[in-house]
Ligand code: 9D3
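In the form predicted alone, a lone chain appears below as structure tokens.
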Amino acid sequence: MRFDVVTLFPELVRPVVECGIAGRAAEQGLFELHLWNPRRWGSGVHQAVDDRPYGGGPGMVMGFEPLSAALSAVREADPRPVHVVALSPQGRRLDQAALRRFAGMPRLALLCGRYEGIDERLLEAEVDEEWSLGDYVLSGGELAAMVVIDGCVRLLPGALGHADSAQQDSFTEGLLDCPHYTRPEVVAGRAVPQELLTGHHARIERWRRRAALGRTWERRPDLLAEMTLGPDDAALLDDYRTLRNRSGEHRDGDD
């Protein structure tokens, strides 16, 4: 997979491939990262890429021509088709489904907005989709681009140490992940749930599924509202609620 990032601050994006999972995946040749600064196509001595907004108001707007020239260079750099995504607060909220779709593409270009935004005509003419990290405003799209890259890379075959790791992440099936525990068995007066110590794979998977359903019900009921639970999951969630009410004090998934 190839990522092309159009940004005024390539030095801000480059570290995403210098460590961790993405760093190892880059070393293995699982993906490529190419950075494009639109100032290369800017105007005047200062290579300007922005100008004052029509209609007045504060701030500056990133102009059509330098961004269009940068995206043309991106398209010409590789014969494979490229999908162009602009990162801005006006986009849809990024989710795991979008990352899975992006990870299946041969090329993804990420356009990082700055200042008051990007000339709307550029978005209409050159961009396939707009996405946002959430309902808040950052200084630019670079952090969002790094999130997209990291989220996609971990879905690439061979990127994770265990083939099933990505399948067990939160949001993979629309649910939050279940709680996780490691050694020691008891710490700070808190014990690992007994179901996880049985070695009985079916019981462990049942516990994990019930805990994931329960955690999602408590923390992100909006996710459950978008799902249609089958009879088995509905029974597990009812069981979770019963156990929670019985215990009085709740810790995710505890028996």
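Only a predicted model underlies this, so the values are computations on that prediction, with no experimental measurement involved. Counting begins at 1, following the sequence as shown.
Omitted here: the form predicted together with the ligand. The next part is about that form.
Proximity of E116 to the ligand in the predicted complex: non-hydrogen atoms within 4.5 Å are present.
Interface membership of P89, defined by any non-hydrogen atom within 4.5 Å of the ligand in the predicted complex, is confirmed. Contact between V127 and the ligand in the predicted complex is not found at the 4.5 Å heavy atom cutoff. Taking the partner from the other structure, the ligand in the predicted complex has a heavy atom within 4.5 Å of a heavy atom of S132.
The chain is drawn here without the ligand; in the predicted complex, the stretch among 150-158, 179-187, 107-115, 72-80 whose residues come within 4.5 Å of it by any heavy atom is 107-115.
Contact with the ligand in the predicted complex, defined as a heavy atom within 4.5 Å, holds for exactly one of A103, L175, A144, L122, namely A144.
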